[in-house]
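To begin, one chain is listed below as structure tokens, in the form predicted on its own.
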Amino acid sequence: MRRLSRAGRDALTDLWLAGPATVMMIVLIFVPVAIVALLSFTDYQFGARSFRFVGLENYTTLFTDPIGRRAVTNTLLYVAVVIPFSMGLALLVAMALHEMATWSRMLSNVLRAAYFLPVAATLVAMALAWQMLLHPSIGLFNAVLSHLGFPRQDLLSDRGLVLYTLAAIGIWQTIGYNMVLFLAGLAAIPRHLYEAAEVDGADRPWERFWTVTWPMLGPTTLFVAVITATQSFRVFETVATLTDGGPAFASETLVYALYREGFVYFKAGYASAITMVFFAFVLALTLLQFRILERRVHYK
């Protein structure tokens, strides 16, 4: 039997190593996405024996129906609030803990664990804890407001405040994870860069941040932005646990609308259209972040 050439053996090795993973990706990711995309152009309902193609009707309904538009605008507003505040506060916390480690490593480690607790804890359990804290009559938040002389607030039932309340909880949830990523980025910055910047006249903390820290955190910032955007778009647990999309759909989001239409009303076609819109938003924001932040990234 004729022996294979070196190129042939390398090709077989590559196929043996990457082939199974590639097949699994196609079967478990690309094929389901294609099926969902196809279903989004139909009126299929779970359990139905037949369906018909309706073209862009599901997408038109999503953007013309008041409830559908509310889900889209609420999601975009939630993302617009969570991403900058989550990243900004996480960076501030990471820098403070990074500096604290130089004179008290034990205290720094304790605070790191405290900030990371929301990431490690069960999200539904933490949502229930927030529900008790924000309770209009027995919650700690309103007790503090009443003690300070302010009127009590039902933050989870006020149509004007509920979405911002959920966004604040979302920021609290993501700060710990983003903090860990920024801490890793800060630890990788060589100390001699700060010394060189100080020799060049950047002797103030703010100047060192802009000349050394921020540019060197470029890759970390890009990664954190993408991860935070993805997590913000798929907010579901807090909405389902605390508000059920209410009051009057004031906290309705795309993922919760997807759940309700697909698994409560069994409108698989309409839920598939919501899924594709959700995917399009996440993809567009990710590409935009890469286009804007990639130019500012300094790879080491």
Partner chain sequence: MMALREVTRRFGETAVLHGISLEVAEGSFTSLLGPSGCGKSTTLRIMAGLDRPTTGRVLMDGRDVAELTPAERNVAMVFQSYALYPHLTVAQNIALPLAMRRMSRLERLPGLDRLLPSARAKRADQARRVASIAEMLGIEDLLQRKPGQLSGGQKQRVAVGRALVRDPSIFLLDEPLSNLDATLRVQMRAELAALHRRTEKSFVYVTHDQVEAMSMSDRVAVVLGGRIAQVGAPRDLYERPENRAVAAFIGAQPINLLDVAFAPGESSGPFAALAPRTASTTPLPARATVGIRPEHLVPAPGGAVRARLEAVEYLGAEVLLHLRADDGQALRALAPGDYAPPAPGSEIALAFEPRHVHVFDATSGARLALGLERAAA
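Just so it is clear, the model here is predicted, and its values are computed rather than measured. Residue numbers count along the first chain shown, from 1.
Heads up, the form predicted together with the partner chain isn't pictured, but that's what we're talking about next.
In the model of the complex, Glu99 stays away from the partner chain, with no heavy atom inside 4.5 Å.
In the model of the complex, the partner chain sits within 4.5 Å of a heavy atom of Ala196.
At a distance threshold of 4.5 angstroms between non-hydrogen atoms, Thr211 is in contact with the partner chain in the model of the complex. Contact annotation: Met216 falls within 4.5 Å of the partner chain in the model of the complex, judged by heavy atom distances. With the partner omitted here, the residue from Val180, Ala202, Val72, Leu186 that has a non-hydrogen atom within 4.5 angstroms of the partner chain in the model of the complex is Ala202. This chain is displayed without the partner chain, yet in the model of the complex the stretch 186-194 from 186-194, 169-177, 139-147, 105-113 comes within 4.5 Å of it by heavy atoms.
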